[in-house]
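Quick setup: one chain, the form predicted alone, written in structure tokens, and binding and motion questions come after.
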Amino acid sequence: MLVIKNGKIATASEIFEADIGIEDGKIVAIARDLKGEEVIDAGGKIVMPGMIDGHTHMAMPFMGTFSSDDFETGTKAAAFGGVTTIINFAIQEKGKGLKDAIEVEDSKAKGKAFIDYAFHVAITDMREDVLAEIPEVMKNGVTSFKLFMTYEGLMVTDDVLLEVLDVVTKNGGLVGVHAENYYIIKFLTKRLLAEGKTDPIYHAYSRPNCCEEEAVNRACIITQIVNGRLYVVHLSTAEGLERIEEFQKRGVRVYAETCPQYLLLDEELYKEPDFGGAKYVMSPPLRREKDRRALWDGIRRGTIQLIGSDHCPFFMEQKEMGKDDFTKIPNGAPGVETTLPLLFSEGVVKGRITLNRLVEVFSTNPAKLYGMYPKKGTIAIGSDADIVILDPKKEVTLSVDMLHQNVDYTPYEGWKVKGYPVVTIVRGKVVCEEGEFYGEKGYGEFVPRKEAIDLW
């Protein structure tokens, strides 16, 4: 038996001191003074369930290129960041089905992943046969879907959103939306380019706060009509948060996810010289201080239930496709490795959120809504032994040179964090320990999921 001794265990609801016994990839004992053949001393450290990053884009085709992390490099970086499960997006190709998208994504992951994984399916080409596929796909363990309300070639119309929400919710699943108004973006982009405004900052100016607010409001109304279950991915604005809270108070099952970049980074970064602002081009764009304050408050109050990284890295050479036109800069940035330390340092240490809340939004709630709980997302007897041990005193200066993401920059270059993951365990196997990597390529397994568990 592997025993983790002397640690302070933190779940979504409790903080207590105990040892954890692990056998055959499962937690088999939580008690004092456990004995085992192998021992990890977690004295002075925090022991948490492994983090679940429900928003990653490994090897994703986008804007004529691919995101630079695949399932091998990306899951290795995730493990160093205390993430033990990712949920990646399988994008339906035009003319193909949902099962086809899952098979393509599974071929990318199988035999490469160091940690466990699952898939969301992004529906981009709705047909009657595709709609009929949804219940079958869900029975096979893929229970969450994503719809884009913007992006040429990916976006769906409101009638598709209605149909998918209706079918998926009736079958116990979850529908996520990328909520931005396509027509506002198209109108503003055309005007900016006509005025010769091509720098990265105009990416932000082409997607103002109202663009997200309108799409959030529309998606929530559609959800209310069919009594659906919706989650808004990568929420970035105070106004969008207000609309979500309004519908939550009406009893509509709408959940919200935000990301560290929207909690910590400012749109002024787009003005970095020498095209440096391209590093931060993502959609939705970075916002302002009032939005960051609102989002932190939304996490504290429970209006925002999920944190994801939206990990979608591109090398600067790829970003330079948009050197003369901000619309051609691949959208996305790395984050799977830095999310936990940033949330702990900027959130828990600075008193913005509690430790329990961190575990809740980055492990337990994702496990519940994505249909993995209690297999994952908690420390309990019978649960998978997915565990991260964090040293609350360890101070690290984040830099591209010390991170493991397959990209040549980090948006958090030079950020000093206090508190860092030092041991990551996936189904009882130590994958990372004190900066050393012990992962086995292909050890990561596909996680078939069940019905979503509503949070209220």
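Computed from a predicted structure; not experimentally measured. Residue numbers here begin at 1 and follow the sequence given.
Below, we turn to the form predicted in complex with a small molecule, even though it does not appear here.
Asks: Please tell me which of His178, Arg292, Lys99, Arg352 lies within 4.5 Å of the small molecule in the predicted complex, judged by heavy atoms.
Replies: After the contact test, the surviving option is His178.
Asks: Between Phe247, Tyr151, Tyr205, Trp296, only one gets a heavy atom within 4.5 angstroms of the small molecule in the predicted complex; which residue is that?
Replies: Only one option qualifies, and that one is Tyr151.
Asks: In the predicted complex, does Trp415 have a heavy atom within 4.5 Å of the small molecule?
Replies: Looking in the predicted complex, residue contacts with the small molecule do not include Trp415, since no heavy atom lies within 4.5 Å.
Asks: Though only this chain appears here, would His234 touch the small molecule in the predicted complex if you measure heavy atom gaps against 4.5 Å?
Replies: Yes, His234 lies within 4.5 Å of the small molecule in the predicted complex.
Asks: With the partner left out here, check for me: in the predicted complex, does some heavy atom of Asp310 sit within 4.5 Å of the small molecule?
Replies: Yes.
Asks: When the contact criterion is heavy atoms within 4.5 Å, does Phe62 count as touching the small molecule in the predicted complex?
Replies: Phe62: yes, in contact with the small molecule in the predicted complex.
Asks: Which one of these stretches, 103 to 111, 361 to 369, 279 to 287, 137 to 145, sits within 4.5 Å of the small molecule in the predicted complex when only heavy atoms are counted?
Replies: Comparing against the small molecule in the predicted complex, the contact stretch is 279 to 287.
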